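In structure tokens, the next block holds one chain alone, the form predicted on its own.
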Amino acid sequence: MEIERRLLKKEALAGLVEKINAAGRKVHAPVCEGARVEFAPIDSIAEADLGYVQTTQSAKNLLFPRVERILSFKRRGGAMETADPDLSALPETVVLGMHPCDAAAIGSLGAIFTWDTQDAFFKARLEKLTVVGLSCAAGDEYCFCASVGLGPGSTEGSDILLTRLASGDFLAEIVTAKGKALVELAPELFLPAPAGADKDSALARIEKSFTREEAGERAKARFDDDALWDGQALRCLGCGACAYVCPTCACFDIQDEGTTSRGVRLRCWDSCGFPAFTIHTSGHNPREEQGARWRQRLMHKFSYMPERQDVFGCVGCGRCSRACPVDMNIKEHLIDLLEAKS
């Protein structure tokens, strides 16, 4: 549908949250938790921190939970009975204040979970999720969305995108049918947009250092350059922090917990950076060195996903660099990769 522009007065945002909650939907927004800002449920807009640069964790957990029960089992007599979770009971959820990089990451996750097999859990959560994005008015040295085809005001992935204008009011871009349905909960709050509303002047300026296509082609060309990958990964601890804060990483493990008579099967986040991730039953590990695991991370995001799913696996949010305990900066490593001599 064609993007429709409206004006949401700054004082009307509180009313919008009230209307959403009154309609029985859960609202999640960035909330200040000490020195961190994290997505959490809110009852009023007063609880939200909309001036943040980046949350520590993304809102990926709403679509792909850190730990998710995918079935339960119980022995009855001589047979084992299984039960699936009731996905129809999942709540309607609105995430408010998600920056454009995180909103775009939803498309990357969706490409993975609906690629060859339609993942019922992801699809059910996505169907019940509405994204009210928030353009970025500021960035930091870790942000590089402009280098991966996005920007501080990108509408990709948002159902409604809010941009805070100089007046403090919000320019609301209604992008999808879900966004339009949300507006219809409180149509009186969405006023006609002023003709001179200048979105661009309200956005952060993020430098473009390379293109994602260049990064992918260069990574492919240097695939066998072990010295390059080992050198970049020299500091890597294999802790998985980068994957756990990444809004697009989708590696998972399946674990059964319980007894021989009853229990649950869980899907849990995993990481291709873990040393044990690729160990075979025989004991052989095809990615025995950390350099090979680091190469896999970059290749998957910039080469394998574009080739297989027609999307990129990095949105330039910079979380992995912020979270890394040994200061492995993905943006700097990508620039080094592009500048490395052939």
Partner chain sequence: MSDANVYKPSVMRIEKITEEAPGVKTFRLLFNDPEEGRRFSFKAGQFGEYSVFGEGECTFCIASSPTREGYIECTFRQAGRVTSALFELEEGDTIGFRGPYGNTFPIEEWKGKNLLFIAGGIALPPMRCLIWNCLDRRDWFRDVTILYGARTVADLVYKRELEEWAARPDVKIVTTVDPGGETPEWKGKVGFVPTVLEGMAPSSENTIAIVCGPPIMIKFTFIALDKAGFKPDAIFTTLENRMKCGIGKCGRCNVGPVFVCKDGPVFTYAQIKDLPAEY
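Positions refer to the first chain, counted from 1. Small disclaimer: the values here were computed from a predicted structure and weren't measured.
Just so you know, the form predicted in complex with its partner chain exists too; it's not on screen, but the next bit is about it.
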- Query: With its partner chain left out of view, which of I112, A202, A186, L162 would have a heavy atom within 4.5 Å of it in the model of the complex?
  - Reply: I112
- Task: Could you confirm whether Q255 comes within 4.5 Å of its partner chain in the model of the complex, counting heavy atoms only?
- Result: yes
- Item | Contact label in the model of the complex: D119 to its partner chain, heavy atom within 4.5 Å | yes
- Task: Please check if Q54 has a heavy atom lying within 4.5 Å of any heavy atom of its partner chain in the model of the complex.
- Result: no
- Check whether N61 has any heavy atom within 4.5 Å of a heavy atom of its partner chain in the model of the complex, and answer yes or no. no
- Option from 31-39, 290-298, 45-53, 313-321 whose residues, in the model of the complex, bring a heavy atom within 4.5 Å of its partner chain: 290-298
- Can you name the residues of 255-280 that have a heavy atom within 4.5 Å of its partner chain in the model of the complex? Q255, D256, G258, T259, T260, R265, R267, D270, A276, F277, T278, I279, H280
